[in-house]
Structures are given as C-alpha cells and as structure tokens.
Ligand code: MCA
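The form predicted alone is given below as one chain in structure tokens.
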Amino acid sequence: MFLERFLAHDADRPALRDTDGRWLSYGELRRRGEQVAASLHNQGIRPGDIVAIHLENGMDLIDAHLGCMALGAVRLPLNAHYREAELAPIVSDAAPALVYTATPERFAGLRCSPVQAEPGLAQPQLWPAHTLTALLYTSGTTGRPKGVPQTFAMWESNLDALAAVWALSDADCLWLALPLFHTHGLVLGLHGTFLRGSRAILAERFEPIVPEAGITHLYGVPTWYRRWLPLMQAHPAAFQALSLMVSGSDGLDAATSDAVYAATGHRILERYGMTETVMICSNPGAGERRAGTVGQPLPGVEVRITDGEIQVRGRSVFSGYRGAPPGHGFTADGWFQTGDSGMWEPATTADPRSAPYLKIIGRTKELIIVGGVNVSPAEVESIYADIPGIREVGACGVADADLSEVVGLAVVTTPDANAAEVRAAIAERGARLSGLKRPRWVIFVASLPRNALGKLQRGALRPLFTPSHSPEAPS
C-alpha cells in the first residue's frame, strides 16, 4: 500500500529540495513526519481526526502532511490565500480538530485552534488503503464547497496508471510549484514523487524560470506555459533537456501548444482530471499527443458520454460527497457525472486498436477557471448580493489572454442607489476574497438575463462584458 511504499525507500535517497535550497532524504522526511505525529498525539489528535493545513508551499506544510500520514489523521488542505469568508463554510462542514496556519487571525471567528508543534517521536501507523487520508473541498455552482473524501487506494491506483502511461520512474526530478492544497500539486506532484521514490524541487509559488540542470519534469497550467514561452524561445536548450511538460486544470489553447512545440520540440502533454476522480484521461508519454484533446482513459478508468456529459467510473473515483445522500452526483447505474461536456475525436489511423481521444467542449457546471483555479460564480455572488443599493448580481467567466478567464461581476442597482457608495462597497467586499476570486470586471446593467423560470443564464451574461466596458483591477 501507499504508506508502506513510502517507508520502503532507501533512507539516504534524496527526496525533496526545500525552498531554502537544502536537500532532504527520505529518511529525514520520515523522521520529521514522526516528530509532528508525536506532537499531534500529545495534543489529543488520534487516527481519523481531521487536521486542517492552511499554509503556503514550504517545509511547514510538508511536515504537517507527513505528520498526519504517520499518525493516520485526515488531512484537510486549505488554500493559504483564503480569507475568513471563504474558510468559514469549509471549517463549519469539516469541523477540524486543529489547524496548521501562519495566519491564525483568519480563523478567529471559527471553531478551530491553531497548532504549535511539540518535539517528540512516534512510529508511523500502517492504516488500510481504503481508510480516509484526506478531505479536499471543491467549488460548486451552489456556492458552498463540497467535501471530497480521498483514500490512498484512489491515489495509488491512479498514480501507478499515470506512471505507466507517462513512463515515470524513480529517476525523475519534478519542479514543483503547484499549490499543495490542490489535487494537481498534492496528489500528482507531491505524492506521486513519494510513491515512486523520485525527487522534487519545491518552489513557494510559480515564477517563470529557466529549468536548471537535473530537472526532468514540469507540471503546470496553461497560464504558466504562456508565461514560460518567452524563456523557451530565448533558452530552448534548457527546455529541450526536459523529459515531460504536463498541462492540466484548464484547457490549453492550440496556439500556445504549437508555439511551445516550435520553441522546444516538446508537445505539451494534456490530461484531464477532477478532485472527485483524480486523473481520468491523458495523452500518452510516448505516442501521439493531440493538441486540444485530453487523450484516452487511463488504465482502471472508464469514460462514457451520455447526452453530451462526460461520465466516469473506476478505482480512482470517490465514493460520494461528505454529508450528501448516497448516490448524489452519480447516475442510477453508478457513473460519476462530471458536469463537463465532451466528444470523442476519431482515431487518426486505420489500426482497429487505435482508440479515440477525448475533447472537452464545455463546462455544464459553469465554474470559472482562473489561471487553473476553480472559482464558483455563486460563491462570488454571495459576497456582493446584500450590499445596500444592489438589487441583484451575476458572476461569470470573462476571457483573458493570460489567465484564460477572470471573474466578471454584473450589478443591477436599485433606483435610489448611490453609485459611488455601491462602488466603494464592492471594493471593500473584494478584500474578503482571495485574489483570483475578486472580480476583474465590474459592470452595471439594467437587468440580468434569465430564463422563463428566473434562472440566471450565464452564457448570455458573458457577452455583456465587452471592450466598451473598462475592466476594473481587483483591489
């Protein structure tokens, strides 16, 4: 199982370079995890208890994850940029026993406590593979985040499938700047490294860099590759030396894919996954990588398209949302409903064994994806809806050349509203949201587009954000 494989790696084998440039071995990581596990145990945390981790990428975050793994506590990764308004529904639902955070003031009004680590030693616990190891929250169109239970069995089966399709090995070295509160960074990046016994170079955050010698893999989102492109064109040899560049969390435009290929000779590998399913499909590590598609289903994963919606089942698919009725989000015959729409691109060869590639053509869930981060429009609307002078608000994604999308907010005011006061209140409310959720565009309209039943039509809302309106930068 996962933890046994992590513990079996040679103790002297390099595992992780921290943000200060120091390499730690697998043995050092295990010792650090055992110390945190002892500290948690001394504070009354027991296997199965939920521990929230609200930290930026760094060794404090890594240590917290390792300590929870060693003790058998359930990890609750939280976006370190979240403010109290964003944290409140998650903390209320998950009820963590403790929180690791560098900003305890954001939890002042919430029922949880920050952790001060204590020294000590404890032995790792080898819990069954299907035991809950993490609880990740995902955005939804209702505005309330939904808890997605995660097990090592989900992760292990999926990561092994990826290792086969991408030809991964323990010789890999990943530059890991992806945020570790998200499936992409936490599961594929950090735990993929731990499972294989390979190496990772941890970065606090993304900045476009020229890869140093020894780095073999880059995982990123489309925005990153657009920002990397000038460096690729200026320093092609450094990028040509890589084995793999992977893009996910949002659709990669063909122009960027082609430009990267022209500069480096590498076709970016696109894949498709969700918190609820881990990875679903991928282009191959060796073989045709078709730009604009997410490839073929991974081993152990089945995909079908029903009434235009992509539906999934397999070993890496979760069992159901925390607190939801059994079967919620699934079809009657047990397929998870992704809410994404797609189509199969036919095979390009006459070989009957050649399978079609999946193409994502839309999001029926209406999520806004800002630089690879999911943003719920309903959550944004809830922050602004009760401002005096506002009758109603509607949020949607607005196309952006850098981030793919940014948040747009359309506002309908009451007849007696003071425009200056409304604008000031909108700016003040923006401080309650993390940066990517703050509306980049704020427009004032006479009414919002709704259907006969009164439902907001976000597809009809997007065209209202035109160059005739000036975008307003988030505060």
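A residue's number is simply how far along the shown sequence it sits, counting from 1. Computed from a prediction, not measured in an experiment: that's the story for all the values here.
Unshown form predicted in complex with methylmalonyl-coenzyme A; subsequent notes refer to it.
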Select, from the options 415 to 423, 441 to 449, 29 to 37, 428 to 436, the stretch whose residues sit within 4.5 angstroms of methylmalonyl-coenzyme A in the predicted complex by heavy atom distance. 428 to 436
Tell me, yes or no, whether residue 371 is in contact with methylmalonyl-coenzyme A in the predicted complex, where a contact means a heavy atom of each within 4.5 Å. yes
At the 4.5 Å heavy atom threshold, is residue 357 in contact with methylmalonyl-coenzyme A in the predicted complex? no
With the partner left out here, check for me: in the predicted complex, does some heavy atom of residue 271 sit within 4.5 Å of methylmalonyl-coenzyme A? yes
Consider residue 146 of the chain shown here, and say whether it contacts methylmalonyl-coenzyme A in the predicted complex, taking contact as heavy atoms within 4.5 Å. no
The listed residue (279, 398, 195, 174) that reaches within 4.5 Å of methylmalonyl-coenzyme A in the predicted complex by any heavy atom is 279
Residue (of 100, 181, 155, 384) lying close to methylmalonyl-coenzyme A in the predicted complex, criterion heavy atoms within 4.5 Å: 181
Can you name the residues of 209 to 229 that have a non-hydrogen atom within 4.5 angstroms of methylmalonyl-coenzyme A in the predicted complex? 221, 223, 224, 227
